[in-house]
Structure formats: structure tokens, C-alpha cells
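Read the single chain below, which is given as C-alpha cells and is the form predicted on its own.
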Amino acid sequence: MNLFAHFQTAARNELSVMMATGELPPGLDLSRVTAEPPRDATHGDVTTNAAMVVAKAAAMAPKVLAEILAKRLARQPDVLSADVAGPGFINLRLEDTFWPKILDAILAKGDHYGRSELGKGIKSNVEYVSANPTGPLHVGHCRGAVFGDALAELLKVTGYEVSKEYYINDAGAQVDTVARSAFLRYQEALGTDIDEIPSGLYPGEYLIPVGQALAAEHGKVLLTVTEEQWLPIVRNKAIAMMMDLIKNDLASLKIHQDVFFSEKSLHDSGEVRDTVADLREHGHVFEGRLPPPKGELPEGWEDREQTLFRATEFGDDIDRPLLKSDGSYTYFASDVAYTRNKIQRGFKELIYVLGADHGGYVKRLEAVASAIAGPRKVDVIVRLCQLVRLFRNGEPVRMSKRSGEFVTLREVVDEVGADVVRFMMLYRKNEAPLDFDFAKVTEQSKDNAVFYVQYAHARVCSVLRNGAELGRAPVNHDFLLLVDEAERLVVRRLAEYPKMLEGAALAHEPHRISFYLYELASDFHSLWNKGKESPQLRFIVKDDIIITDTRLAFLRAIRYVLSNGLRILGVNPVEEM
């Protein structure tokens, strides 16, 4: 049950009735009418902006319309009072008899509480990580991986049809570089002393197993052929093993994507060629020159006539090259073909989770989708994830034993666990820098958000186990007995969960879930501590069966919301700590 959606609908219905009876002019736009939790709980249980957002179009003073609408809303079932505040907000206070309906709804829905049909089955493609297959994932990939995975799950539970996708950049110069680096490790596996890895190649020890596998499979044969002959063999092996490494790293973080899409397949199938031809047919390609970049010219820049995509006609800053000087396709041309492929697969929402250094991609991705989709509406949503800075007891952590250059994702997961990494990566908005201190994220205190939330769930499970041992089954309950203000605060927080989920999904902000769970945990821990001081507020009152069963049922509702939220984040709701 979405309490706020219920009263949003009630407010809109009352306004519609007023339009039908001539009290308001017809055709008013009601789309901006909302119902929210008041910022100050003393103001009531629900507040709506209904009068304020339609007053101007209705040619009425907001407070005058609010007074009329408040009287109508006061007659709604479960409404105790409706008062006008400020410039025209309407604050509703609900009857005590309403709140048990929230708890009953949670118990009835269980693991499905909070799910909705907000997305109406829209096909949404969430592409995240998509790191080049040149080595293990580093901690910089970690945040985008967790964000993208949690966002995909959030969209699923709010009614979207979601595909989680990884784009393998296996057609560029970088994969040739990793192949040449792996060939050195192949020579090393055969007994050659390779000394220091030459500049420009990958020095990481993670390529040693690739060299060993090549030696076991081919013996010395690859030493007897030309680079033109061995390069594709070594490249394919290196990419396959690097992708296995990446998939294993992601699995350690409980990430399993649905599709791993190869860039090379776009070239092999002719999709890149066909996409450029299609754009040309629609007048989106021309031969022209690009203005020189501002500032110092980059190395290799040429002032020449090129085959260009008319990106500026679709909102981009500059037109984009589709062909290199040697006649091969640019990386951008592959991106265009990949976007076309997604649209042809029926996706109406293309979501990209990128690092903060990819901010310049936003306009070009939007331009490409707009040109290819044409009159079909396809939404492009780009979410940028800021850097993660690693610390240990306040001191920066920079180097990795495994890679020699960066701290790998797997090293972080192995040290503190996937649950800690996932929750803490989502405990800041994606656009804000994140400091990850190994000491702080494992301490057992209120300052450690993941511990605090998991501890709340474990405490709930502990009491439910104690109740079961006493033979209590929370079937016969009376939620009207939950009259203490600390209990009511928790109930109100539980009522906010469905609306919070929908708001998080619409804004593409899964961090809202972690914030909410921390607030719910804080409310619960306060109630727990209050029970220590006041025995009548304890969850199990041995000489009062009804209140015990009621509070055990209350705890079941709390457990459902905590566990449901944690599972969206990909965090295990632990039962013991």
C-alpha cells in the first residue's frame, strides 16, 4: 500500500470533481499534484501541494483554493483533519485506525512489499562497467559496477523490464596491446628472460596465466610464425581469459550481467558498415572538415576532409568522425552501431553508467539515439560516478600487489566483503566523491552505516527466534496497541518505503534506499533502547500474550522492509551478528 500515492490520487480526484461541477475551470493540469511526508512530523502525516500548483491556472489565490480543497479532503476516509499551512500546503492528519492497514499490507505482501508497476513494462537497457578487457577491474570500476547493478534491480522491482549489459571493447588498439603483452608472458612461460616490460605494454602479473595457457596449448609454435599470424590467436586467448577474470571479479561482488556484447561482433557482422550507410541514407552523414580543438592541438590531429555524423543537428557540441584517415571505422562509429543494435532490440530506455571522466559522452550519446530512433521515442539516461578514494585509518592507499599500478576491485572485496563494499558504495550520491576507509567500514558502531542497518535486521531476527522458542506465533495481533510515539515513528517510516522506491527509480538514485534503511534502522534502534528503559515497551512481554504477538508481528513487518531494501542493494540481510 502506497500511502502517499493514495492521497495524491484523492487530491487529484477532488480537483477533477470541482472541474466537473464548474467550481474550477476545466482542463487543469493535475500532473504536478503530489503528496509527500511533511518535513516536520508535527505538521501531520501527509502534505499535498495540490492547491498551489493549480491555483494560478484556476485564477484563484492558493490559500483560498487550499481552504476549499482541505474541507473536501477532510471528508476522506481515515482523515482526522486537514489544515492549510504556509502559502497553500494542505497537511492531513490521519486517524489512528489507519496505521494498522499499513502493517497489515506489509505482512500480506511480504517480500513483495514496495514493488510497483511504475515502469509499466518499459524495456530498459542498463549498461555498466564495460571496462576494456585488458586486466582486472580496479576500485574505480567498483562504484559504477555496484551503482549500475543496484539501479537495475531497483528498476525491476518498480515495473521495468531490465537487461543488464556489459559492452566488451574488443576491437580497438588496446586489445592488440594486451595481446603483445601476453605474448611476452608466453615467451616467459617457455623459459625466455623478458627482463623489464617495455613501455607501452601492460606489466601486470595477471597476464602470466595467459602466457602459461598459450604455452600449454601451442608449445613453441607461435615463436615460429609472424606477428600477423600469432596476433589474432594471442588476442583471442587474452581477451577470453581477461573476460573470465573480469566476470569472476564481478561475481565476487555479486554482479551477474545478462548480456556481454562484443564490439568486434558489430564489425564482423557488418553492422557498423550498415549503420553508417543507414545514417547516410537519412542525410545524417556528410563530408567536411572539423574546426581545430581549442588550446594546444593534440598529437596526430589532421586538418582534412572527413566523413562526419551531423551530431550538432541533434544537440551535440561538434560533428563526429565516422572514418579514420586509413578508411577504417572510428570507435565512435562502433558506438553508433551499438546504439542502433539496442534500439532494434526494442529498448525504450538506454541507461549508461560511466565514470566522471566521461561527462563529454552525454551529448553525443543523446545525439546518436535521437538520430537513429527518429520519430520513435528513446530516452538516453547517463549517470556519472565520481572517484573512490581509498584510505586505511585515514592514510591514502594507492598501490596494489596484484597489479603493480592500482588497487583491484577483488582486493577490496576480499578484505572487507561484498556486502560492505556494495552498501558503502551506495551510501553517497553517485555524483559525489566517496572516501572508503577500510578501518571505518568494518567498525561496529552507528557511524558505520552498513553495520548499523544489518545489526537492526539481526536484532529483529533474534527477537523473532526468541518468540518462536516461547511458542509464540504472531498471528493474533492488534496493531492499535502500538501507541508509543517510538512505535508510531517506525510505522510512519515503514509507510514511506513504497514512495521512496518509486522516487529513487524515477530519479535513478539507488542511494536513496541506503539512506532510507539507515533512518529506519535508527528509528528501530531507538525503540529497542527505549524498551530497555521501559519494560512495558519490550517486544516480548511474558505476561501479556496479545501485546507480545502484536509486537512480534510488528517486527515481521520491519524485517520485510529491511530485507527487501537490502536485497535491492545486493546486500545480504544477515540474521545473526
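Since the model is a prediction, treat every value here as computed from it, not as a measurement. When you see a residue number, it is the position in the sequence shown, counting from 1.
Below, we turn to the form predicted in complex with the RNA, even though it does not appear here.
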Legend entry - Contact flag, R304 vs the RNA in the predicted complex, heavy atom cut 4.5 Å: yes
Legend entry - Distance check, K247 to the RNA in the predicted complex, heavy atom within 4.5 Å: no
Legend entry - Proximity of K348 to the RNA in the predicted complex, heavy atoms at 4.5 Å: no
Inset, instruction - Using the partner position in the predicted complex, report whether T47 sits within 4.5 Å of the RNA, counting heavy atoms only. - result: yes
Legend entry - Non-hydrogen atom within 4.5 angstroms of the RNA in the predicted complex for each of E67, G110 and N476: no
Inset, instruction - Select from the listed residues V416, M241, A85, I194 the one whose heavy atoms reach within 4.5 Å of the RNA in the predicted complex. - result: A85
Inset, instruction - Answer with one of S116, Q76, N132, S265: the residue that has a non-hydrogen atom within 4.5 Å of the RNA in the predicted complex. - result: N132
Legend entry - Contact segment among 116-124, 430-438, 253-261, 277-285, judged by heavy atoms lying within 4.5 Å of the RNA in the predicted complex: 430-438
Inset, instruction - Scan 517-556 and write down, in order along the chain, each residue with a heavy atom lying within 4.5 Å of the RNA in the predicted complex. - result: Y518, H525, S526, W528, N529, G531, K532, R538, F539, I540
